[in-house]
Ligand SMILES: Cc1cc2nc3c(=O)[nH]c(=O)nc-3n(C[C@H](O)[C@H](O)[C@H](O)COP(=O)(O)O)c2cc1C
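First, one chain by itself: the form predicted alone, in structure tokens.
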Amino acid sequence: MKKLAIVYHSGYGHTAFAAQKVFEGAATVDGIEAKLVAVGGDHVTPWEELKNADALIFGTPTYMGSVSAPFKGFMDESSKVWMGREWKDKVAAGFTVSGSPSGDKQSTLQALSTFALQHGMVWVGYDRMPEVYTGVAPENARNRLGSFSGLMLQAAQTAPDQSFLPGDLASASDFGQRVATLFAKKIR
């Protein structure tokens, strides 16, 4: 089994809920062992476990136009990993959640992709065309927000399990499955 870690920070539970959906999609791919890894706050980063993972999907809320401070702390703490090139050639991808349709999520995905590329990783985007162009109702449309550099999700200011539109949750599962599928092809 090849290992895929979904590394995320969640301030209010919304990104954790999205990470679970990404995990569920990744777990459907044969030969992939997916795992959720929370970082920041009281969580101790399992650096050795991440070193042994074959692929990493990064997830963070978008706060003030970028990654959350705890996730940025994780990024900064990875400097020893960077110096040792421990993540070189691993598959990487990213997702972000904010309360508004834009919320400057693109800058968060750019920060995540730059971070991965600095580590020498191979970045995977989201390939699905926005289904709103095919007549699917916006609440059910996958890739509703039209992002290709990674997954963007919008969460209402309610409980995490009530915050997402059905199409956004389907997008999260699709995204996890896409990354795991490409990763499975890369390793064969």
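Since we're looking at a predicted model, the values are computed, not measured. Residue numbers here begin at 1 and follow the sequence given.
Unshown form predicted together with the ligand; subsequent notes refer to it.
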The ligand contact in the predicted bound form: residue 123, any heavy atom under 4.5 Å | no
Please check if residue 44 has a heavy atom lying within 4.5 Å of any heavy atom of the ligand in the predicted bound form.
-> no
With a 4.5 Å heavy atom cut-off, would you call residue 93 a contact of the ligand in the predicted bound form?
-> no
Although the ligand is absent from this view, report whether residue 150 comes within 4.5 Å of it in the predicted bound form, heavy atoms only.
-> no
Interface check vs the ligand in the predicted bound form: of 55, 34, 155, 141, the one with a heavy atom inside 4.5 Å is 155
Picking from 60-68, 133-141, 22-30, 45-53, which part of the chain touches the ligand in the predicted bound form when contact means heavy atoms within 4.5 Å?
-> 60-68
Could you run down 82-117 and flag each residue that has a heavy atom within 4.5 Å of the ligand in the predicted bound form?
-> 97, 98, 99, 100, 103
